[in-house]
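First, one chain by itself in structure tokens, the form predicted alone.
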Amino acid sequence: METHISMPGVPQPPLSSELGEAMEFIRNVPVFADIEAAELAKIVRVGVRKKYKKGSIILLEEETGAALFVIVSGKVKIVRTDDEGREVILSILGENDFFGEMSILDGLSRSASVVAITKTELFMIHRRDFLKLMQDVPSVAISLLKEMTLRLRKADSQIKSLSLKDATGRVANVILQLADDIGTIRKGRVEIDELPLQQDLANMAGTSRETISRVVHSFIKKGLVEMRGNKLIIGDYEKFKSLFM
């Protein structure tokens, strides 16, 4: 990305269409929602965009964290691997989501790996630039804290589901998690496009592919969900949520 340096007192050229589009995208990211246009332009100018193929490893667990990543398009999975090589999916993130914030704040190594599950484009902000931004614009730090708190609550819910619920409840919890993270809701109806592979769902629910297939099929028979190709539809989201929360 081309870098522009602003000089005090020197008139700046009008925003290019590319810069304007990038600013509109950044404005839709919750952490940057309340930032003024001048600050948004600074973020766009110091950031870098990069594309990844499906299946690409974006970050590895235990790597040193040097940047915050915002998803421009596509989806990624946040994963941890045990000593035997088994994968546990912590979450799936889509457009306007971000990751890498923990290492940005504490300077320690990454707590999980990140893998592209579709063709993905990311917007990266280096640690030094993001830390300066939080100092200059306190609302960014407040928004980041809110988002991290929300993720902690989701993590607590996931831990509760894995430890207390039966297989049906765990699969339902994963569907609800995906609905919240990457689903589209219209008039009480949620559509989850490009549903993750059954093995990925099993890794999220702490169960087997066979159990995922059996439980989802039972939900379909009961009229709770529909499958259209790789799209899962929850006809009545609030009803589904009330049954399994």
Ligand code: CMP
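Just so you know, these numbers come straight off a predicted model, no measurement behind them. Note that residue numbering begins at 1 and tracks the sequence as displayed.
Omitted from view is the form predicted in complex with the named molecule, to which the following refers.
The listed set Leu59, Leu40, Ile182, Val29 contains one residue whose heavy atoms approach the named molecule in the model of the complex to within 4.5 Å, identified as Leu59.
Contact annotation: of the candidates Ser103, Thr118, Asn173, Asn96, the single residue with a non-hydrogen atom within 4.5 angstroms of the named molecule in the model of the complex is Ser103. In the model of the complex, every residue of the candidate spot (Ile78, Ser91 and Arg110) has a heavy atom lying within 4.5 Å of the named molecule.
Among residues of the shown chain, Val114 is one whose heavy atoms approach the named molecule to within 4.5 Å in the model of the complex. Using a 4.5 angstroms threshold between heavy atoms, Arg128 stays clear of the named molecule in the model of the complex.
The closest non-hydrogen atom of Arg151 lies within 4.5 Å of the named molecule in the model of the complex.
The partner is not drawn, yet in the model of the complex one stretch among 131-139, 165-173, 83-91, 118-126 has residues with heavy atoms inside 4.5 Å of the named molecule: 83-91.
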